[in-house]
Ligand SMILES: Nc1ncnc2c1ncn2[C@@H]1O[C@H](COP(=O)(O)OP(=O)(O)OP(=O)(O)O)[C@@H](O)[C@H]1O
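Heads up, the chain below is alone and in the form predicted alone; it's given as structure tokens.
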Amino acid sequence: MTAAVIVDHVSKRYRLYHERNQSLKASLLRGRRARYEDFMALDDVSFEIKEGTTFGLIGENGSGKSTMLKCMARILRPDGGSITTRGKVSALLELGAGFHPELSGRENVYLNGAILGLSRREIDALFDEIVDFSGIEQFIDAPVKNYSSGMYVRLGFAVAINVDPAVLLIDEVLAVGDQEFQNKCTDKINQFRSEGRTIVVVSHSLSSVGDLCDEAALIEHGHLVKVGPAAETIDHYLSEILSVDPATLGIARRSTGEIKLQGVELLSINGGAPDVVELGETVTFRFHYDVKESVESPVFGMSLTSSEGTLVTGTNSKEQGLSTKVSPGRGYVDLVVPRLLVAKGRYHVTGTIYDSTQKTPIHEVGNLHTFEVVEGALRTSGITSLGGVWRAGA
């Protein structure tokens, strides 16, 4: 497969100054030499991103992820090595980057389009689509200095993804906006993937990287630690760098891509506080999913883990005799629990999807949802309730 981006022994150095010149006299007395030390934001980093893949860059704050993305976008020039990209590159690197605060949203669309290499005629043709995607039609002629942070990123994202890029670079913007806009962004990214475009994402949201990315690179203190399949790279980051068990977090551990779990909705017949249910209450766990390719008789499963990490119970749709074919699009399956008989406390839901044989995992996400059980009329000790009824003998 052809490489869309080749990062070849890239290094980037910054100077960290220890003092500032307070006056011309102080500068002259020091011989105009300021004291500084070199800081290697990137140190001899090499990897390739295959054409048509979604690639994540992960690591702690200050690791060099955003510096790498800016080098790819040619905003920064590497001090050593080189970066080669194929096709037009579009970047959304910072909130409102490239926007002029005194200009209107409309004027900034044309300004950003011109920066990205589009003619006025090309921007005219794309303008309605950009504004419609952003969802801020009524504010498009207002100065962007009056925009909220969410409106900034909506418009910036809309411009970046509608200029027909071969490579799209995104830095920490996928979690901005309401759920509807996030779904729209995810759908657009999936459309780009199906069209064979290349996407590079920097994010601290490991669940987003695990869900969206085919491969990922882990960068720590400017050094490349690991590059490979996203799930493996995330697991390495969690276990080796952060010393966290990946199984306890909401991270996509395995995914073959045909179906992906989008989340769990907890429905209570008593209509109480969200994600709070009473012991013994009837509840429904609604698992939302997104199908990319039709699958015959997938098996949906779930398990409950206590906040202390104890596996409480697990079940799957095959045990209940559910068999159905899922087709491309969004849908959901319900697990109805007539009486939730687990003791009070917080619980984590792990969601799984397997093929009909239950041998091949399609998607598995730990801690897909968290909820709390409180005591009501029914009380218990331990980790569960028998739910029985006491009766006196004759």
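What you are looking at is a predicted structure, and each value in this text was computed from that prediction instead of being measured. The first residue of the shown sequence is 1; numbering continues from there.
Not pictured, yet referred to below: the form predicted together with this ligand.
- Within this chain, Lys188 is remote from the site of this ligand in the predicted bound form, having no heavy atom within 4.5 Å.
- Contact between His204 and this ligand in the predicted bound form is found at the 4.5 Å heavy atom cutoff.
- Interface membership of Arg379, defined by any non-hydrogen atom within 4.5 Å of this ligand in the predicted bound form, is ruled out.
- Contact check for Pro328: every heavy atom lies farther than 4.5 Å from this ligand in the predicted bound form.
- Heavy atoms within 4.5 Å of this ligand in the predicted bound form are found in one stretch of 362-370, 62-70, 48-56, 343-351, which is 62-70.
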